[in-house]
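Next up: a single chain in structure tokens, the form predicted alone.
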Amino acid sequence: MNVDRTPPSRSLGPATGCVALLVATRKGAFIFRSDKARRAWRVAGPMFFGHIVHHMVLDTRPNARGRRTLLAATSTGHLGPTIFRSTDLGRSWNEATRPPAFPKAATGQTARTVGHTFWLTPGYAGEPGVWYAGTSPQGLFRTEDDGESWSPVTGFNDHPMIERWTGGEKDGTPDGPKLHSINVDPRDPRHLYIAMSSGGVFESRDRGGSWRPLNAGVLADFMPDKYPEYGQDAHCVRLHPAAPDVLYQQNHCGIYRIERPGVEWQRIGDNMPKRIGDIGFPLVLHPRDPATLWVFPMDGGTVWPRTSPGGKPAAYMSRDAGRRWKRQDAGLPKSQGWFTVKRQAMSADAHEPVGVYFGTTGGELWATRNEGEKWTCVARHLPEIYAVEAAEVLR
């Protein structure tokens, strides 16, 4: 596998190179690399075979040696939750010397323990080496040395409202409460958004020193107060890189959009077909058009099956910020396709037309080179897929 020493341009213009799909699974990680046409794929892996890989992300910024850092959040049998680093696109890895961890508790107090690191986000473009990590239970951590050592963001982790915001460690998704969807405003490194399952969306304007909820208008039908200040179950929140005042959210209770400085989310999922609904996990944005997005609906019926409605999988795309939605199922199974796609398991590249990718818990990796007009299966029989990230590489 070739080493990418030169990062792609940070321009918002279309990409023209090859694409790497960083696939994190229940039993290891894989990297699928395309040709420039995105027709042929070759695979490297498994890496960390037998261990859980929750998320794998390639930085777009070069480090001090001109290389791009790849981070993997893993849960290994003997090391526990940790972070691994690579600067040669996964040929070799080194473990972080100080992975995310809560500090030891004072005498008489109960310590919080990181169950796993769930989410990784590179920092502001002008701050190479800075990354953020979200953990289960909900914790926010920051590194300034490209993932080598991590420190708690105490403005969040030690906030006097943290237990009320999150509901405590017993109140979360079946495999543990999570902090995810860390979004850094590309105009201002002090401006951050995070989301939690459970807890909802929060905003900081001072690099994580202080936080306030941003959940007005978002339904929480599982709570006594259906529109609380916090406590919602945000599944995935994306900030548009070309229009950073525009954010979208796939929530346990629908699909939402907000345009700042507005403070109230609008439920754009009400415009989805009623027989499909607007429940799901992932949400993907077009890299250049703030009005175009994709979701992958799940059955949100009474028992929450979390599979494609009716066993007929499809993505839904909107080109007008959620006013109208188009079903995209060409190439996908027409029946008996009970897909589950996790919140980190759908991603887009920066080509023209945009390529969109998703992985299923059944170990299938799917791709479209034409913005959802036709899907093809890139791989089958992988372990349960936790995350898929598309990254631009030179070759």
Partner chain sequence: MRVFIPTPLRSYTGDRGEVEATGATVAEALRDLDARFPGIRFRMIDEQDAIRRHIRIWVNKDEARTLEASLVESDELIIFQALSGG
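Numbering follows the first chain given and starts at 1. We call the rigid core whatever largest set of C-alpha positions still superposes within 1.5 Å between the two forms. Not measured: the values here are computed from a predicted model.
The next section is about a form of this same protein that is not shown, the form predicted in complex with the partner chain.
Visitor: Taking heavy atoms only, is Gly77 within 4.5 angstroms of the partner chain in the model of the complex?
Guide: Contact with the partner chain, yes.
Visitor: Evaluate Glu95 for contact with the partner chain in the model of the complex, applying a 4.5 angstroms cut-off between non-hydrogen atoms, and reply yes or no.
Guide: Yes, contact at 4.5 Å.
Visitor: Taking the shortest heavy atom distance, is Gly322 within 4.5 Å of the partner chain in the model of the complex?
Guide: No, Gly322 stays farther than 4.5 Å from the partner chain in the model of the complex.
Visitor: With a 4.5 Å heavy atom cut-off, would you call Ser204 a contact of the partner chain in the model of the complex?
Guide: Residue-level check for Ser204: no, no contact with the partner chain.
Visitor: What is the one choice in Ile276, Met317, Ala101, Ile162 with a heavy atom within 4.5 Å of the partner chain in the model of the complex?
Guide: It is Ala101.
Visitor: With the partner chain left out of view, choose which of Arg26, Arg33, Arg67, His351 has a non-hydrogen atom within 4.5 angstroms of it in the model of the complex.
Guide: Filtering the options by heavy-atom distance leaves Arg26.
Visitor: With the partner removed from view, which of 309-317, 177-185, 209-217, 80-88 is the stretch that lies within 4.5 Å of the partner chain in the model of the complex, judged by heavy atom distances?
Guide: In short, 80-88.
Visitor: Using a 4.5 Å cut-off on heavy atoms, which residues of 105-140 contact the partner chain in the model of the complex?
Guide: The stretch touches the partner through Ala105, Ala111, Arg112, Thr113, Val114.
Visitor: Return yes or no for Pro160: a CA shift of at least 2 Å between this form and the one not shown, with the rigid core superposed?
Guide: Shift of 2 Å or more: no.
Visitor: Rigid core superposed, CA of Ser92 - does it shift 2 Å or more between this form and the one not shown?
Guide: No, shifts by less than 2 Å.
Visitor: Relative to the superposed rigid core, does the CA atom of Pro224 travel 2 Å or more between this form and the one not shown?
Guide: The answer is no, as the C-alpha of Pro224 shifts between this form and the one not shown by less than 2 Å after core alignment.
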